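Quick heads-up: it's one chain on its own, the form predicted alone, in structure tokens.
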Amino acid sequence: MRDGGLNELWVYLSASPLLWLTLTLVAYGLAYRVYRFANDNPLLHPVVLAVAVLIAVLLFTDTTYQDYFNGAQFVHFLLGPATVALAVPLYQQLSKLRRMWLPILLATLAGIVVAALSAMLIARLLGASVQTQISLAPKSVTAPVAMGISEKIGGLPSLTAVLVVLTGILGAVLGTKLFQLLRIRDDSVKGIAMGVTAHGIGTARAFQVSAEMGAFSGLAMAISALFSALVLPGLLEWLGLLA
């Protein structure tokens, strides 16, 4: 087909609101097949591969993110019901949850404080600006909450959103291997660690390991978002880290 024909075909397809939604689902479907073919190798996590494919398509077609989002926003809409649905597997762990509620709360609180302060300290040692350090503080929280916290404490919400995604991908890729190295075998413990550090992307990875790990990861993700919104602004101000 001639270049003119290809351009006309692309103009026709890009006018459809379902184009980017379809490409998103196809990219994830193909990435998931690659992931399973590689025996669930975390380095080939389907989120990583699908994002890479979509970025390449956007760059190749010179499409803006806003145009992409306008077409694929139905996936974004489904995040709400999917988050609520996390309550179902968690309910199945209710007896264990009753025994562990205090350790879960304390571990989550410790996790968000250590994650925020360690990231800011490393960034400071590497010479990052104060605003970049502040933008790093909520990087382990789910994106909508993290961006709100970043805006409140004087960070850059757009930078925080990127850091949140990178943190989630790294957690999903490295988390299970790290648990093996540390010989952590309790799925509830692994789930809490994954949820606190890698939010929704880590929780998706946790569900691929076991329903119990995914349930506790979803719980930790929700609690860490609440604690981070309540604790981080006051903590950073108390430590004199805010302007």
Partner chain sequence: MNFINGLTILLVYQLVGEIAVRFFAVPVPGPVLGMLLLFATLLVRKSADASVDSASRGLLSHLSLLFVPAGVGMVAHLDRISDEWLSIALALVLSTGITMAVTAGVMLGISRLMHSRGRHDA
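Residue numbers count along the first chain shown, from 1. No experiment lies behind these values; they were computed from the predicted model shown.
The following text describes the form predicted together with the partner chain, which does not appear among the structures shown.
Partner contact for Phe37 in the model of the complex: the partner chain, 4.5 angstroms, heavy atom: The answer is no: Phe37 has no heavy atom within 4.5 Å of the partner chain.
Ala206 within 4.5 Å of the partner chain in the model of the complex, heavy atoms: Contact check for Ala206: no, nothing within 4.5 Å of the partner chain in the model of the complex.
Partner contact for Leu58 in the model of the complex: the partner chain, 4.5 angstroms, heavy atom: Judged by the heavy-atom cut-off of 4.5 Å, Leu58 is in contact with the partner chain in the model of the complex.
Partner proximity in the model of the complex: Leu230 to the partner chain, non-hydrogen atom cutoff 4.5 Å: Taking the distances in the model of the complex, the answer for Leu230 is yes, it comes within 4.5 Å of the partner chain.
Stretch 76-105 - residues with a heavy atom within 4.5 Å of the partner chain in the model of the complex: Counting only heavy atoms within 4.5 Å of the partner chain in the model of the complex, the contacting residues of 76-105 are His76, Phe77, Leu78, Leu79, Gly80, Pro81, Ala82, Thr83, Val84, Ala85, Leu86, Ala87, Val88, Pro89, Leu90, Tyr91, Gln92, Leu94, Leu97, Met100, Leu102, Pro103, Ile104.
Cα-Cα trend for Thr160 and Val47, given that in the model of the complex the distance shifts by 3 Å or more: Note: Cα gap between Thr160 and Val47 shrinks in the model of the complex.
Val47 and Arg205, C-alpha gap in the model of the complex relative to this structure (3 Å or more): Result: farther.
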